[in-house]
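First comes one chain, alone, set out as structure tokens in the form predicted alone.
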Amino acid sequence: MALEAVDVETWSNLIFQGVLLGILYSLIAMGYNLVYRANKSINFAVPQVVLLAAYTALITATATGRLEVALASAIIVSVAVSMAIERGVARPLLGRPPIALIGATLGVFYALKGVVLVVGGSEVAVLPLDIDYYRLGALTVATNDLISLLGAIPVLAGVVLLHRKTSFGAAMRAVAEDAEGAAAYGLPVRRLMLAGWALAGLVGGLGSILLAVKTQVSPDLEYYAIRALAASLIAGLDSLGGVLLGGIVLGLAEQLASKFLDPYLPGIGSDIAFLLLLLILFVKPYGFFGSERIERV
């Protein structure tokens, strides 16, 4: 299909869906960044935490028929699991090279994968939600799109404001910059690290539910969370506000690639995240907003 043959309605919906998907990627990407700021390492267990939260929500929603109860259960599980990883895995590895925690969280990834198989198996289901469609000019917007959009934006904004405008955020920034210096000033570094992991679990749990509302509860949510890591790296692992741009760039690229390139390169829409990441990191090795680190040798 030639680009000029695509009508305004198609373009409008394509861009809206790309931006919406990008915002959801940003929410999960923020979980990666929060952990990186706390421990200077990547938490590779995030995809399974997201999947476990989604299946917990599905089981709770099926039992109660109430989406708000499902949301609460997913958040409780994701926060509890994230805090358990910090206490049981990340904390004993403090002071070790970052690769030690990366390897450990990969181990947690596979351990949680077994838990997810027991809890949810490979079931594919939708959360109980009545779907209506609305026309907004050239856009056609579904109820689940609105819920996902209106649920994600306040959380993203809230976490950024928490970090930039509160004393708690200032303390977490101090730990992110120099944990030893923050400890010397009397800040409770270990509690703040735990709080960072808990906050990562919170946004991960919310992200899993909003993604499930947008799509469905299925093992594919794991791959959304893996692609969200690409959004985190595009933004820069130590940037919180930048993840929104990283997520939107990724979401738009996926939608455009799926629309225009999939007929010629099947599956490119799903893989474009990592191709795009590779190209961007050639030019910006620390991402768009990441801080360049100087290594002394």
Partner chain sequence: MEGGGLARQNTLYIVLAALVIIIVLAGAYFLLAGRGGEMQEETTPAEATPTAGEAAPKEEAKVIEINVGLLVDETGPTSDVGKGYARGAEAAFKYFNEKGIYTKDGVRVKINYIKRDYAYNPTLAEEFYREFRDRYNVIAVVGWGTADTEKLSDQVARDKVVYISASYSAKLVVKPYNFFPAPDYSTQACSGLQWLATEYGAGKIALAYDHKVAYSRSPISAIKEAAKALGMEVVGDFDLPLRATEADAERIAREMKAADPDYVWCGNTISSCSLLARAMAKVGLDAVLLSNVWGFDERSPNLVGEEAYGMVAGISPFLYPMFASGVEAYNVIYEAASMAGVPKEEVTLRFVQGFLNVWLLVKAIEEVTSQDLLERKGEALKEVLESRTFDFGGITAAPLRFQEGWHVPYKTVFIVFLAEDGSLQLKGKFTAPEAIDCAKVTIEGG
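Numbering follows the first chain given and starts at 1. Here the structure is a predicted model, which means the values were calculated and not measured.
The same protein also has a form predicted in complex with its partner chain, omitted here; what follows describes it.
Under a 4.5 angstroms non-hydrogen atom cutoff, its partner chain in the model of the complex has T140 among its neighbouring residues.
Put simply, F168 is far from its partner chain in the model of the complex: not one heavy atom of it is within 4.5 Å. In the model of the complex, none of the heavy atoms of R37 sits within 4.5 Å of a heavy atom of its partner chain. Under a 4.5 angstroms non-hydrogen atom cutoff, its partner chain in the model of the complex lacks G65 among its neighbouring residues.
V126 is the sole member of I153, V126, A72, A80 with a non-hydrogen atom within 4.5 Å of its partner chain in the model of the complex.
The stretch in contact with its partner chain in the model of the complex, judged by heavy atoms within 4.5 Å, is 113 to 121, chosen from 154 to 162, 113 to 121, 172 to 180, 197 to 205. Residues Q255, S258, K259, D262 of 249 to 264 are found to place at least one heavy atom within 4.5 Å of its partner chain in the model of the complex.
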